[in-house]
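Shown here is one chain on its own, the form predicted alone, set out as structure tokens.
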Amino acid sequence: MDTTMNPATQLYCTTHPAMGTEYSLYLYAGSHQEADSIARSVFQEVDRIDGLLSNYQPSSELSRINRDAFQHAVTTDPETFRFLETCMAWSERSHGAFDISVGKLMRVWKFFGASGALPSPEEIARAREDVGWEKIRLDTAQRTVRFLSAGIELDPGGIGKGYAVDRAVRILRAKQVPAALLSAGSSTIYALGAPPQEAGWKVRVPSVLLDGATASTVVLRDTSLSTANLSEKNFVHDGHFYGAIMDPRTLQPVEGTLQATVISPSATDSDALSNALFVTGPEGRAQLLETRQHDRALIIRRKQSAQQHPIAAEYEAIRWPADVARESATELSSAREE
């Protein structure tokens, strides 16, 4: 759709299915033809990244690594290797709260291509040998990947969309697009520049507490925002709520945290960090953010001990804008009262 503004500053929107979600691109351009050409280039880049990193596509580079890296060291391309180095760095930084090796764990809990189901204790015990970033070896000199366990399976779900967004934004910058917003299913967003006469892109952060509720509203410019929550895949068993964000250290779904939203200059970083903050506790969150002065976080936690999907919750704001934090407090207070 376009506006009735000056032709040089019309807003166009287009969507594209990729990586198990729908990407939406809003950009200012001089014509439909120009906007369509830019969008094609952007989504071609997203599809290219999907072709590298998908663990659903047997032909992807990541799937090849998953198949062969226990049998022998796998030489991969420079881009995939750099991506894996970034993943390992986040695992080390988060003390394992972020871990790309959770593929087998997602399968055991039936979250791989499904909504989840309770595994047996025996299945969980067997998965322990097949999960753990420390069982992955990267050789920088040879650009190889090697697994130390036969069942290791890489799953880029906690970082892949952010990486694809970053790569797509490079296309937008190369084409000198003055203002654009790219959203990967709303879980990761990058705001490039600002709409005419605006300070930035106004982005609403939904709350998991109530359908249609707002946790916060932020203005983004040349930065990213990622949200990790339990809304996409979850199930209830005997009245107990289980979400699809796993703690790789306990092999269990995370309890107590409902949502983690991060603002960071890099979409790759905001995607990984939102998942790491979701998994780790308050002390771990403070340590993670201590040296990342450009990052901000808003955490929504369960306030009650009941295991059913709750309404009562509290938030933790870390360097979140003060006015937005007050807005969030009002929103969450209203949700609790209802």
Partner chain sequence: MNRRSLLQGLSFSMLAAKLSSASPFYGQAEPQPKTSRSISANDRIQIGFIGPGSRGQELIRQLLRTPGVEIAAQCDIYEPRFAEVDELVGKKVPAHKDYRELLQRKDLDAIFIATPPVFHAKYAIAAMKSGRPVYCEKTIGFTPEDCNNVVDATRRTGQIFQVGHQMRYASWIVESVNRVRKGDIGEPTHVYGYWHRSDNWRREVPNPSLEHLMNWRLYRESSGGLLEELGSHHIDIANWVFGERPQTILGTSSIAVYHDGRTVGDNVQAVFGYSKGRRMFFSSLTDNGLMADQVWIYGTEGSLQITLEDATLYKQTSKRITEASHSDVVQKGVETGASYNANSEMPYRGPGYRLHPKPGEDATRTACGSFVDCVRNKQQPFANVDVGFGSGIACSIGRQALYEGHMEKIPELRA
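Numbering follows the first chain given and starts at 1. Quick caveat: nothing in here was measured; it's all calculated off a predicted structure.
The form predicted in complex with the partner chain exists for this protein as well; it is not shown, and the discussion that follows is about that form.
- Listed stretches are 265-273, 22-30, 54-62, 284-292; the contact stretch with the partner chain in the predicted bound form is 54-62, by a heavy atom cutoff of 4.5 Å.
- Within 4.5 Å of some heavy atom of the partner chain in the predicted bound form lies at least one heavy atom of Asp77.
- Contact annotation: Arg82 falls within 4.5 Å of the partner chain in the predicted bound form, judged by heavy atom distances.
- Heavy atoms of Gln44 never reach within 4.5 Å of the partner chain in the predicted bound form, leaving it off the interface.
- Contact check for Arg301: no non-hydrogen atom falls within 4.5 Å of the partner chain in the predicted bound form.
- The contact with the partner chain in the predicted bound form, taken as any heavy atom within 4.5 Å, belongs to Arg170 out of Arg249, Arg170, Lys202, Lys135.
- Listed residues Arg143, Lys233, Arg146, Lys104 were compared with the partner chain in the predicted bound form; Arg143 is the one with a heavy atom within 4.5 Å.
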